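Just one chain follows, in the form predicted alone, and it is written as structure tokens.
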Amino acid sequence: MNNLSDLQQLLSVPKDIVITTHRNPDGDAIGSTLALSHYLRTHGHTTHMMAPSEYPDFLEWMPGAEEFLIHDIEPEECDRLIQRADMIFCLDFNSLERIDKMGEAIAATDSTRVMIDHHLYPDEFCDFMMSDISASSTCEMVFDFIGMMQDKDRIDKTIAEAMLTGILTDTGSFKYATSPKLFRIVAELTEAGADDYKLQDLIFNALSEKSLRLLGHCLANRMEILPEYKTGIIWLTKEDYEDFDIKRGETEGIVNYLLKMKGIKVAAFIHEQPKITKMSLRSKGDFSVQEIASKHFRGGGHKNASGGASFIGLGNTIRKFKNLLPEYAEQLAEL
């Protein structure tokens, strides 16, 4: 964090603070925002949490989640709060393009901006930046931020469980991006009252019957394996979305099932939307799907977890992805 003492000085008196996160917020986005909001309120700050679009239903249990303002639903209220804010925290994203119209509102203000994020290639649009691509999650970084503020004693059960939720979801329940430091943090969070068993159950055992049937459809009818490239693909059409009445968040995690197969090192989930085709990419080991997403699909993210999009339709997007794989054949063969 640059100029930490200056930020501490700004936060030494109560402020009107907006905390923002990215479109289609996941567990890390919601968890980090809630944890920071709860923490800042212990210092007397007024906080308003907002995201461009709605969060998935499986996070509704989180204390304070009902306070989230959604820009797609309440744009005028969100913009009003952004315009009057003394400070704006930007969590789990590092470019205003990630938050669409909400980013335009933030760009137009003179508010002090603070970024806490762990994605590659941050834009320099904030006054204070805390960027660490080695971190497992933004929740891990919020824990570090509270520590830098010398305030770990303010981490209660609610704050600890919000942070642990983001850590669990972004690491896939400790499968990815782990480190000795992370497990020490988790130990401190459980000591602060976080119930890891309860959280695992709420997060990973919350599928509806419809979601389970959708997963079965994906694995039985929408999966293609390319063993020569150690790659698996799952796709969904617009008709699939209608047939299963798929809502936001209900396809979360489907891409990861491909990596459960022995020998598969790269996974792609490609799904057709009304005006755009989106994709989620995952990989194991030293293979960067971030490079594929950023170079070919207008996206980005992490080395082993990235996303992108195209405007050429589902079939053409699948073909484009498959046609790229020979370029990486030698690298994939070494995995």
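Note that this is a predicted model, so its numbers are computed, not measured. Position 1 is the first residue in the sequence shown; the rest follow in order.
What follows is about the form predicted together with a small molecule, which we do not show.
Inset, instruction - Specify the contacting stretch among 43 to 51, 62 to 70, 278 to 286, 30 to 38, defined as having any heavy atom within 4.5 Å of the small molecule in the model of the complex. - result: In the other structure, the partner sits against 278 to 286.
Inset, instruction - Answer yes if any heavy atom of H119 is within 4.5 Å of a heavy atom of the small molecule in the model of the complex; otherwise answer no. - result: The answer is yes: H119 has a heavy atom within 4.5 Å of the small molecule.
Inset, instruction - Determine whether any heavy atom of K295 comes within 4.5 Å of a heavy atom of the small molecule in the model of the complex, and answer yes or no. - result: No - in the model of the complex, heavy atoms of K295 and the small molecule never come within 4.5 Å of each other.
Legend entry - Any non-hydrogen atom of P56 within 4.5 angstroms of the small molecule in the model of the complex: Flag for P56 set to no.
Inset, instruction - Check whether R98 has any heavy atom within 4.5 Å of a heavy atom of the small molecule in the model of the complex, and answer yes or no. - result: Flag for R98 set to yes.
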